[in-house]
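We begin with a single chain expressed as structure tokens, specifically the form predicted alone.
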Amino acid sequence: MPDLSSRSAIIIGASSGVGAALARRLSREGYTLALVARRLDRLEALAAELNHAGCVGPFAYQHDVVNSAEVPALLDQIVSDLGRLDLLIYCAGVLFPNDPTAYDTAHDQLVLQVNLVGAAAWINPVAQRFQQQHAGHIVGIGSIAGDRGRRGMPAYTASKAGLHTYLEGMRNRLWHDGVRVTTIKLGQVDTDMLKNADRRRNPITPERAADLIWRAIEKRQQTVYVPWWWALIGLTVRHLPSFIFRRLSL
């Protein structure tokens, strides 16, 4: 049975990379965790690792975020298993190789479905719950790439820009109800997804990313670049005139 005196969190996309690192970080903070992802074998291995380390639970749930219709019933089940819900982290994401010659509608639709539509399918009902209980925290893992449309990855940059704007809208809707919404604009992290980037730009480890994201959660910050120096790059990129930006190999 969950410890109702502890805090509880759902991590969507918890099977590897930053999601798994966040699960380990939150477990050390005493959270009861619901781990959600497509790859059940990896989730169960992570759950066993955390359980062995003394984490309450955790619970593992197989779910593909493209199947939005599953979310209401699965969310009800998770909240029942946890006993309460304090934090939702949406960390699921997909990125195809950076390629300015690619025109693949199926790939673009999948990117938008996973990175944006799937996020809305989870954030929307959780936001309603949190509004009713006048408490809770929603965290969306976005990307520095969402600050500008890039020729090698139009769908990915659009999906992250859409996620950033969606989170801002929810933050503006929920702030007076005591609900916090945090947007994480993640720079490069040394995960499997990085293989699809055009180049490496000083990536950090998933563990370092999780520590910095946890710091943002603790401080209840609104929008945070991880690590912080990507904010300087983001500021520059956002203010470059289009005729200059389109000439960059991004």
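Numbers follow the displayed sequence, beginning with 1. Keep in mind it's a predicted model, so treat the numbers as computed, not measured.
What comes next is about the form predicted in complex with a small molecule, which is not displayed.
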The unique member of L186, L50, I217, A60 whose heavy atoms fall within 4.5 Å of the small molecule in the predicted bound form
L186
Wondering, does I141 line up within 4.5 Å of the small molecule in the predicted bound form on heavy atoms?
yes
Within a 4.5 Å heavy atom cut-off, is Y156 in contact with the small molecule in the predicted bound form?
yes
Is there a non-hydrogen atom of L174 within 4.5 angstroms of a non-hydrogen atom of the small molecule in the predicted bound form?
no
I'd like to check something about R39: if you look in the predicted bound form, is any of its heavy atoms closer than or equal to 4.5 Å to a heavy atom of the small molecule?
yes
TL;DR on 23-31, 50-58, 189-197, 217-225: the one with heavy atoms within 4.5 Å of the small molecule in the predicted bound form is 189-197
